[in-house]
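Shown below, as structure tokens, is a lone chain in the form predicted alone; questions about how it binds or moves come after it.
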Amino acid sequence: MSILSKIAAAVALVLALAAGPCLAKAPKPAQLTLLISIDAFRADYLDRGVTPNLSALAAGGARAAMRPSFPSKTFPNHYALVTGLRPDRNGIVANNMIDEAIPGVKFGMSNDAAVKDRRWWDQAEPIWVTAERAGIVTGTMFWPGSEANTHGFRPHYAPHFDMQVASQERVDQLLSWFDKPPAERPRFATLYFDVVDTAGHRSGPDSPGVNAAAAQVDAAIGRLEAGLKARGIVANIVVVADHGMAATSDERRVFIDDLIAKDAYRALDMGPIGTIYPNPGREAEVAKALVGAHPHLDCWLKQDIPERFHYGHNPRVAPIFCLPQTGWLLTTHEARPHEGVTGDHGYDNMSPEMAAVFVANGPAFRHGVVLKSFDNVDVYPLLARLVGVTPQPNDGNLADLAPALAH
């Protein structure tokens, strides 16, 4: 080694020592960001004692009761989480919707062609598109919007949604992507579980079925953690839900056919919300019959929806929007009633029953942080920071999550 090289090495050593232990012990940046959605996992489910793995992640990181965007439905909120735009701005304003610019098509969760049609999704840019543009490999083990070629991009890995794929199989599929050559491994990936939502709809949020489903998902998360550890992968893990769940019953129903003739309108959504389209020439009649008609139901003309919902400006929002009181359902006498307690969501996003879980764990996060409630659009700028991309314009505010960040 030359004299100059020895001097340079000595100077570097002195500078490192002067910088103190923080420099020497600074953790390596995580190479992976994982976004996990547990559909309809209400914030307070975390305290039921049935999710040891998820509870350990919360204790070793940050947790919160997160406010969903309105309406508190599955597709609108999953897209809000990955775009940072509320449904009125991201374009997915409901699970079921129509658009005059896409004539003759009804968008629905079960309409495979519509789900894959980028025209429904292009009003926003999800985080995986931004990442792929930046040359970052991404993968979605199920997520609304990931099957469309949004803005000309799809995740590198994006299997077609199949509800029959078991929770542990979903984990194994995700882990298999990390066994590929380094250049083909995702740096951002999503994972989606739906069994808690299914159980909540079937038997209500306080049922043994929900606890069993939560325990099943928790076991899958434990399997994921073990798989990552076996592969030597350090990850920032963000666990979210799209919404919570409220108990419903046959005793709390509002019958729309008691208020207005069925030939005067059509409805795309009924239940915890009502998206009402008056038939031509019947607009005033329908509005007069529904607005202010029932003590357990609020109905508004689109332009009169309260501003606090941040909803009603998108052309895809129905001309009349109805919102039952939390726990009540808008229905018809023809609809087959459910026996006993069931569950549903879509209600006022400020209702405690709609609060969604948020847990974040990894080198980017402090330990033992309980955050104040925040809007779910705040998750997007957090993801952009973790993935290392410049966020698109959004409705979120990273400052709301700043107390959870380690740096």
Ligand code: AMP
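So that there is no doubt, residue numbering starts at 1 and follows the sequence shown. The model shown is predicted, which means the values in this text are computed figures rather than measured ones.
Keep in mind that the form predicted in complex with the ligand is not shown, yet the notes after this line are about it.
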For this session: Name the single residue among Asn236, Thr150, Thr74, Thr326 that comes within 4.5 Å of the ligand in the predicted complex, judging by heavy atoms.
Result: Thr74
Problem set entry | Listed residue (Met163, Ala284, Ala230, Ala212) with a non-hydrogen atom within 4.5 angstroms of the ligand in the predicted complex | Met163
Exercise. Does Asp348 reach the ligand in the predicted complex, with heavy atoms at most 4.5 Å apart?
Worked result: no
Exercise. In the predicted complex, does Asp39 have a heavy atom within 4.5 Å of the ligand?
Worked result: yes
For this session: Would you check, heavy atoms only and a 4.5 Å threshold, whether Arg252 touches the ligand in the predicted complex?
Result: no
Exercise. Does Met109 reach the ligand in the predicted complex if we count a contact as any heavy atom within 4.5 Å?
Worked result: yes
Problem set entry | Contact segment among 81-89, 288-296, 328-336, 186-194, judged by heavy atoms lying within 4.5 Å of the ligand in the predicted complex | 186-194
Problem set entry | the ligand in the predicted complex: contacted by all of Asn95, Trp143 and His201, heavy atom 4.5 Å | yes
